[in-house]
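First, one chain by itself: the form predicted on its own, in structure tokens.
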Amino acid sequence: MEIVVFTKRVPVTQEEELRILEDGKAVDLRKLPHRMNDWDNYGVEEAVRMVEKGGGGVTSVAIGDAEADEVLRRAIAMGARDGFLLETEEVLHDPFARATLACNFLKKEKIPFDALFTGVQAEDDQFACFGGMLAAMLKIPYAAQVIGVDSVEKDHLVVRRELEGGLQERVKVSLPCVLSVQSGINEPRYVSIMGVRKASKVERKVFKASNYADNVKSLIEVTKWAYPPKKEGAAMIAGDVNEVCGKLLGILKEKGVYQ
């Protein structure tokens, strides 16, 4: 089975204080560490496991600047056969533009695939719609929130989808198809620094995104970045124990927490 996994390089912002540039048009990401999008990590792992079991190959594709080669090296270190970089200096915030670019690339380069994997969403923009848009443009079946691949057949896959309330749905998806992979589907393997260095010796192909720009347009425009409004500070209750308890109960009743 030939599987193409779309991977994205994202900034690690969980423990960083973000700084908005003066014009409010962008966030300063220059000094932030970056990594492979977490959901894409699970997608690569699942694809590699499938080809290890049934044969075939995994190709990792990234859209971004030259630094995005980092995620291709990691995917290869995990077991992908090769990596393709759609190089663009312009940041494509709009998932429609990214999906159109990816669709054009797959068609123009005649990339063979039985399945396309994406992460459920990206950590940075969290639109969670790239996979669905790509499937619609390619006119092939799509399944989202995939938490398990139970069976791989010649013309279809049997997968489990995660639903609300802990429920799971088991569906048959005809090939070729697009799957958006959910975290928890597997345990991604550890990749050492030496493994990434060895992967750097595997040739990655670079394609200019401008060659696949037909009908690539942004339907969403980032107009301004802003900090969330500051919340009021904590209220300090003074007095003896009885006074503090009485005031606290009054606040809870006022907020509707205590009847």
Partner chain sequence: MSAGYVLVVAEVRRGLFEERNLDTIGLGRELGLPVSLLLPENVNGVDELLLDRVLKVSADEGTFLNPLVMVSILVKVFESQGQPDFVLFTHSSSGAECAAYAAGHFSAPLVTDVSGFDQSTGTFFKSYYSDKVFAQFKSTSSPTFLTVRSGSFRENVTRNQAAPAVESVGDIAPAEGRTFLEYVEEAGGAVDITKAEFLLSVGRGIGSKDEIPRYEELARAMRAVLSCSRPVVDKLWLPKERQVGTSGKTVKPKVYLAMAISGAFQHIAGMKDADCIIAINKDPEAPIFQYAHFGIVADVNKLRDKLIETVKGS
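Residue numbers count along the first chain shown, from 1. The term rigid core refers to the maximal set of C-alpha atoms that superpose within 1.5 Å between the two forms. Quick caveat, the model's predicted, so the values are computed rather than measured.
The same protein also exists as the form predicted in complex with its partner chain; that form is not shown, yet it is the one meant from here on.
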{"query": "Non-hydrogen atom within 4.5 Å of its partner chain in the predicted complex for each of Gly55, Asp65 and Val149", "finding": "no"}
{"query": "Contact of Leu29 with its partner chain in the predicted complex (heavy atom, 4.5 Å)", "finding": "yes"}
{"query": "Any non-hydrogen atom of Gly79 within 4.5 angstroms of its partner chain in the predicted complex", "finding": "no"}
{"query": "is_contact(Asp38, its partner chain) in the predicted complex, heavy atom dist at most 4.5 Å", "finding": "yes"}
{"query": "Interface membership of Glu109, its partner chain in the predicted complex, 4.5 Å heavy atom rule", "finding": "no"}
{"query": "Candidate stretches 80-88, 67-75, 161-169, 110-118, one within 4.5 Å of its partner chain in the predicted complex by heavy atom", "finding": "161-169"}
{"query": "Residue among Ala213, Val206, Val202, Ile220 with a heavy atom within 4.5 Å of its partner chain in the predicted complex", "finding": "Ile220"}
{"query": "Contacts with its partner chain in the predicted complex, stretch 9-32 (heavy atom within 4.5 Å)", "finding": "Pro11, Thr13, Gln14, Glu15, Glu16, Glu17, Leu18, Ile20, Val27, Leu29"}
{"query": "Did Gln14 shift 2 Å or more between the shown form and the other one, C-alpha, core superposed", "finding": "no"}
{"query": "Lys231 C-alpha relocation of at least 2 Å between the shown form and the other one, rigid core basis", "finding": "yes"}
